[in-house]
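Just one chain follows, in the form predicted alone, and it is written as structure tokens.
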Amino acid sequence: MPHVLYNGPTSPFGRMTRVVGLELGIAVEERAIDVYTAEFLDKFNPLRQIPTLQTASGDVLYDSRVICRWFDSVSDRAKLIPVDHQWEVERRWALAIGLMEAGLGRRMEILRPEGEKSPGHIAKLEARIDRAIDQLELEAAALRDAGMRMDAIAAAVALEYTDFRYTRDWRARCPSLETWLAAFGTRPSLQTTRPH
């Protein structure tokens, strides 16, 4: 049995795990599901969240960071979380995860029916997105120098999700980050997993 990744078509968290799997050469069968109706997933993940990974041995892992760490641990390729820069990578990875969470939260709030949306909450999420991207701009040189590392993958996925679901306006005020992403985003793992 192959590793099976239950995922959604536009989830930035699921996309991040796919990019990691591709970069590390881990064969995964991806199954796109509608998480809202996928009751079968409850037996694997009581949170019914994506991504959820069922390994070839039958173990189940959930939470994108856990799955990415597991891929990194079983691959014989260069580690994406190097020990000598572990906490720098973890911190920047957490920032990118927060950017994804804010973008997804904004998307979910906008999809609420009229009368249930909170413009104040949307504004707070947009301010959080802007702050996170501005911080990544300050760290663009570190991302450029990182090469293929977990923080770089997460930042690229988070920024492209911002483009996809919110705005590309950040590019005008963050030229170093835009230049980095233009180069990093040409990687086949990012091109083949990009949402449409």
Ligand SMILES: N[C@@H](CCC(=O)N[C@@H](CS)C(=O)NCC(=O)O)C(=O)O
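Residue indices: 1-based, along the sequence shown. All of these numbers come straight from a predicted model, not from anything done at the bench.
In what follows, reference is made to the form predicted in complex with the ligand, a form of this protein that is not presented.
The contact with the ligand in the predicted bound form, taken as any heavy atom within 4.5 Å, belongs to I50 out of A158, A132, I50, A152. This chain is displayed alone, yet in the predicted bound form one of I26, A140, A146, V35 has a heavy atom within 4.5 Å of the ligand; that residue is V35. Taking the partner from the other structure, the ligand in the predicted bound form has no heavy atom within 4.5 Å of any heavy atom of D169. Using a 4.5 Å cutoff between non-hydrogen atoms, S64 counts as a contact of the ligand in the predicted bound form.
Contact annotation for A94: none of its heavy atoms lies within 4.5 Å of the ligand in the predicted bound form. The closest non-hydrogen atom of I122 lies beyond 4.5 Å of the ligand in the predicted bound form. Shown without its partner, the chain has no residue in segment 118-149 with a non-hydrogen atom within 4.5 angstroms of the ligand in the predicted bound form.
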